[in-house]
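Okay, here we've got a single chain as structure tokens, the form predicted alone, with questions on binding and movement later.
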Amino acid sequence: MEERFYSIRMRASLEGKHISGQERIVPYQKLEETILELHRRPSEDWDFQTIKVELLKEPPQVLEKSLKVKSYKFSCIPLAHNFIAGLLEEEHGINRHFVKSLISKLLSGINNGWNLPGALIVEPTTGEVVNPKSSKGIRTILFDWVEREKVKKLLLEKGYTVRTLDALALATKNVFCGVEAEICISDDPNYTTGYVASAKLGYVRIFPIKEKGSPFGGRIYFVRRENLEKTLECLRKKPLLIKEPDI
């Protein structure tokens, strides 16, 4: 009998504000312990939590390695933003001026003064926003590591944070699905490391990407219009497991 895999997705909020969330893909024998682990995951108070468990209709595809991890530190935030804009222009032909403009919008509350729930989809050749719904971002789901604890240990030993565990898996799935490039800035006021990712660039950690204390952030996915439908279908419906981090 073919092994069954389950998607588990947890979200917790307080007074309508997102507090914590995580995606997992596990076989049946790890289902109960993972549900309990995710229930206990939020480190802050919450008043609403959902845990969604879904039997996958197909077994996850397995990738051998994640994107290559690189890290850069800068003396100031403007230099970091210039570096990101330069990388995307040189490697992907994305105009540096609208890259910097999009970063500024993320850091000022891109959704009428609030963070957009999910990612903003942008056509890389024109800078046009192509989200199916302007007020709702796109979420990447159905991704995890084959041996999550082993990968976590490796990342921590190399000096990376626990946050890198999920962010690296997510970015790797995005590229697998056809996202040409991604920019990510955490909305956590205390976390000032972000990243830019693509098949050409790898997973490039950037510090500092914003001022400490800022509650703003978000994700930008650069996706060519002709690939949009196929890419969104993959981000939402294709389960993916990754074996090793490329560190």
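When you see a residue number, it is the position in the sequence shown, counting from 1. Since this is a predicted model, take the numbers as computed values, not measurements.
The following text describes the form predicted together with pimelic acid, which does not appear among the structures shown.
Checklist entry - Which among 42-50, 186-194, 59-67, 29-37 is in contact with pimelic acid in the predicted complex, heavy atoms within 4.5 angstroms? => result Stretch 186-194 is the one.
Item to check | Residue (of Lys136, Arg163, Lys158, His97) lying close to pimelic acid in the predicted complex, criterion heavy atoms within 4.5 Å | outcome: Partner contact (heavy atom, 4.5 Å) among the options: Arg163.
Checklist entry - Of the residues Leu87, Val130, Val175, Ala167, which one places a heavy atom within 4.5 Å of pimelic acid in the predicted complex? => result Checked against the cut-off, the match is Ala167.
Item to check | Non-hydrogen atom contact Phe222 with pimelic acid in the predicted complex at 4.5 angstroms | outcome: No, Phe222 sits far enough from pimelic acid in the predicted complex that none of its heavy atoms falls within 4.5 Å.
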